[in-house]
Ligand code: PHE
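Quick heads-up: it's one chain on its own, the form predicted on its own, in structure tokens.
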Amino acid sequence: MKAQYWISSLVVILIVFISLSSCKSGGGDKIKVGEFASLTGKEATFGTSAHEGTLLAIEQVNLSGGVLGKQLELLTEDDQTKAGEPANAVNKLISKDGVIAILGEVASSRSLEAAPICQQSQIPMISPASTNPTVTQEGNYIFRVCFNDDFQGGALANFASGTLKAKKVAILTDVKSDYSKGLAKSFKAKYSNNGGNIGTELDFNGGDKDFKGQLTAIKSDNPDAIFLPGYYNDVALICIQAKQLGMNIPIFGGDGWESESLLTIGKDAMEGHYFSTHCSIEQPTPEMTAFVAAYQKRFEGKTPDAMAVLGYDSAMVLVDAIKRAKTTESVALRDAIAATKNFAGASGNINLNADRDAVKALVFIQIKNEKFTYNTTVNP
């Protein structure tokens, strides 16, 4: 009787172990994919756009039969644009939900909070749009489908020197943002190397409402342009107040400007200014054309932005890796993602380098008549 009891207990334990292992490796009827995004809070347009692109990709894959003979299940957590919430989100997705990979985040600060957890848990994480160089330095399970700010900062510096012919540039940085600080650092190094003069350097705290003190100081220094590596909500207010002060010089920044809310808030104060970003929906590639058509059909005519495109690409890169790995086991999946080469994404051709960063082109957008207008492409 005792022997039978122990044998029965061992069988139960074995079944439970196999079930848990299957759950984590994508066993069962569905393959669980986690996503964390800022769906609410002050940068909610980033998370909403990335989520919509990700959701579209998952739905398309499922409609075409899924992957490895199974449907994908997307489990999404809102990090509310708050510090501390990304860690809570990915801990839940990994420990409770048993996801095989994590997609997110757009903002570098929130990706940097989540990345160590994914690395320690050996769960691949793919950021759609976090550009701070340190994100993928967290470990070999951390990837991105976008360029990093070493490339973006250099391209912005060349743009200031070449296109804008700016001999002196003022810099206004958000000290609460890893993205803003990292991009400013990369820009300064390259611009100075180009022979440019860094004028007044001031900072602000993301979420501030009054920037006139900083702008007045910048105006008195008489720069040729202002470099503003910030997020769209702060950028719009700064440009409004710069116009009120009669500052008729170019203001330019990076992909953190990419949001329709920039135009909704800033309106005509944004006219003529520039920003760099990951792609333009005006790109005439078959992949972009197909994405825009599918997105507008799915989301009732809504125009996608670069964050939506990159959300889509992050999910599709994951699916491609699962197909090539022929498994969702974490080490094999990590290695397959790392081996991504010549993947035809909606945002462009994606090649992941040894640092797990995408080597890809960058585009410049100019704001004309309250619209984002493609300006030029910079290849890596």
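We number the residues from 1 along the sequence you see. Only a predicted model underlies this, so the values are computations on that prediction, with no experimental measurement involved.
Beyond the structure shown, there is the form predicted in complex with ligand PHE, which is absent from this document and is the topic of what follows.
Interface stretch in the predicted complex with ligand PHE - options 243-251, 68-76, 191-199, 106-114, non-hydrogen atom within 4.5 Å | That would be stretch 106-114.
If you check in the predicted complex, is Ile102 within 4.5 Å of ligand PHE, heavy atoms only?
-> No, Ile102 sits far enough from ligand PHE in the predicted complex that none of its heavy atoms falls within 4.5 Å.
Would you check, heavy atoms only and a 4.5 Å threshold, whether Leu228 touches ligand PHE in the predicted complex?
-> Taking the distances in the predicted complex, the answer for Leu228 is no, it never comes within 4.5 Å of ligand PHE.
Hey, in the predicted complex, does Tyr179 get a heavy atom within 4.5 angstroms of ligand PHE?
-> Looking in the predicted complex, residue contacts with ligand PHE include Tyr179, since a heavy atom lies within 4.5 Å.
Indicate whether ligand PHE has at least one heavy atom within 4.5 Å of a heavy atom of Pro124 in the predicted complex.
-> Result no; Pro124 lies far from ligand PHE in the predicted complex.
Select from the listed residues Leu172, Ile94, Leu262, Met307 the one whose heavy atoms reach within 4.5 Å of ligand PHE in the predicted complex.
-> Contact residue from the list: Met307.
Non-hydrogen atom within 4.5 angstroms of ligand PHE in the predicted complex for each of Asn132, Gly256 and His278 | Looking in the predicted complex, the three residues Asn132, Gly256 and His278 all sit within 4.5 Å of ligand PHE (heavy atoms).
Going by heavy atoms, what in 31-53 lies within 4.5 angstroms of ligand PHE in the predicted complex?
-> Going through 31-53 in order - heavy atoms within 4.5 Å of ligand PHE in the predicted complex - there is one hit, Phe46.
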